[in-house]
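Just the one chain here, laid out as structure tokens, in the form predicted on its own.
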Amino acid sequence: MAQTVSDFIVERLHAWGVRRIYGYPGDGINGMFGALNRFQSKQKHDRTGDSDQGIQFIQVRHEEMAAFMAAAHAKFTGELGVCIATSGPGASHLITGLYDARMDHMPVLAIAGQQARAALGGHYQQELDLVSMFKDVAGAFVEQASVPAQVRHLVDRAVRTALAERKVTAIVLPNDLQDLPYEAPGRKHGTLHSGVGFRAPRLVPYPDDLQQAVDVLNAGKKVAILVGAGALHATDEVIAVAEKLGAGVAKALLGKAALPDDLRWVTGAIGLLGTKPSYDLMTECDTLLMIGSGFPYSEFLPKEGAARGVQIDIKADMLSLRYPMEVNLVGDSVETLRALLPLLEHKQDRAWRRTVEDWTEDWWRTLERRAHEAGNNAVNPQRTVWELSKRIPADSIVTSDSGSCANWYARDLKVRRGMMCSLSGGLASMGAAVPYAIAGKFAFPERPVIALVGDGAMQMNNMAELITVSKYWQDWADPRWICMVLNNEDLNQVTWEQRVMNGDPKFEASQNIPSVPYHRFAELIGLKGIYVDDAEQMGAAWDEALAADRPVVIEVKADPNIAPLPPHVTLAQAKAFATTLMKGDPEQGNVIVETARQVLGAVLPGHRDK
């Protein structure tokens, strides 16, 4: 049988190092699936070494989840993530997950089917202008193939662009083209002869620029460091720089695993989901070093002019964007920090460092007290993550969804060295935790994986992907895959935003959601289910789940009235919340009274939450 266009594309992707593709089939992309099947069969038959392991196709329940998984694969491995979908609705379903990758600067390739070339422009069934549709999310490179000799350079450019620029790219394949015999480009005018291969360059600023940064950092007496996803591979270098400068370090959510939380000068998360010591660190520092972070909320950074700034980022368009930096360094975080280290002075005065450590120690005591406060006939959700932190294996992968569960993930989860953690950062999309956890498990099947999810996201799209877990889990080297669902029958984060930011009572029509027996659903599809409605049983539930011989869903009956308080309550927020109470909130008689004390009391003189 002659090699088809699809056969060539699959082999070319394999040559680029692609070993896993997430997606869902359909007649608009059938040629590619036939080629994947043939290639897999050929590799199993030939088996000559590791390079011949083929390309594994992972069938998801929905194309959006395939794109989330491709984004997560890129985040956890540093490799290209690949997703595939059919024409029309299959392609359009990819969009949300692709935006997640784009906003978090992840290299992802989307492959989408299209109707036959002769039908295009004829208002044919499932005919969408896919190039235009993908143009924003995959604007770095999106092309529709038209002839067989074109696909070689389309694949090569799409992959190389995604890897080099850390962006989303897309290739659109008409279904009739996919099964045509492949033709190599001829040696003539109007053809291209592309090749495979890319290695990231060593990117380090010029010595003069490094010296300018050193001058600023050495002059600082109270240095604060903020790390993001760009520092995940620079743990040792960040620690060494922080030790020399006597600095405290705060972490953006995507950089949560960059430093372990057992370092006393690591203040934890920053921002609305962040910690009080991180807020104090930024408020009182005189020098800010930002490393690989696009943290969006400038109000949680030093007041403009209050601190001198140095920023390191591999993407120039992210420099001096959140805070006006004095020195901007384009470079890889590891290489740049290594170049800075020998030039930095070891600060002898450790008063600032001791202050940061005291703040952080006090904060962990506060979190422990909050976690052990009783819920209102339900489990305090802070307790769930607090108990996990005591037990979590050091090689775990943890994912979190957006919503109130992200607060407890951000604040209460103590990261150990070697762990991986992620969530939908820039897009902050609901529904990413379970597909992220699935991709993490496929990338590292020997590591335990834990997803923290709210019931809103679970009902939106995560519940169906438990079926994907059921389909594949017996292939995993380690069966430990755990999804904890906070069942509070409330779209909780938005409810609290309505109360504290808008001054509106909970709008039950929009916020209340039905209770679903998630643990029983897990049991129905062959997984293990655990139900917890007593906070004192939470630790035992984690022990049971971590010892299980199959994936587990822990359903926690959670109290919706435990407020995800920001690290700093403004007078405007306190007034808005007071207005909510005056209007009459449907939950006013429950734990919301204690929340009122904390929210209103936090802005009174002399108050400190201890």
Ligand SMILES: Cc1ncc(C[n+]2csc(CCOP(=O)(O)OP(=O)(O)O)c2C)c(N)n1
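Keep in mind that this is a model prediction, so the values were computed, not measured. One-based numbering along the sequence shown.
Beyond what is shown, the protein has a form predicted together with the named molecule; the following relates to that form.
- When the named molecule is considered in the predicted complex, only one residue from Asn488, Ser396, Gln382, Thr360 comes within 4.5 Å through any heavy atom, namely Asn488.
- Checking Val516, Ala428, Leu273, Ala140 against the named molecule in the predicted complex, a heavy atom within 4.5 Å turns up for just one residue: Ala428.
- Though the partner is left out of this view, Asp100 does not reach within 4.5 Å of the named molecule in the predicted complex, counting heavy atoms only.
- The closest non-hydrogen atom of Cys405 lies within 4.5 Å of the named molecule in the predicted complex.
- In the predicted complex, Val532 stays away from the named molecule, with no heavy atom inside 4.5 Å.
- In the predicted complex, at least one heavy atom of Gly454 sits within 4.5 Å of the named molecule.
- Figure note: of the listed segments 493-501, 349-357, 257-265, 298-306, the one touching the named molecule in the predicted complex, with heavy atoms no more than 4.5 Å away, is 493-501.
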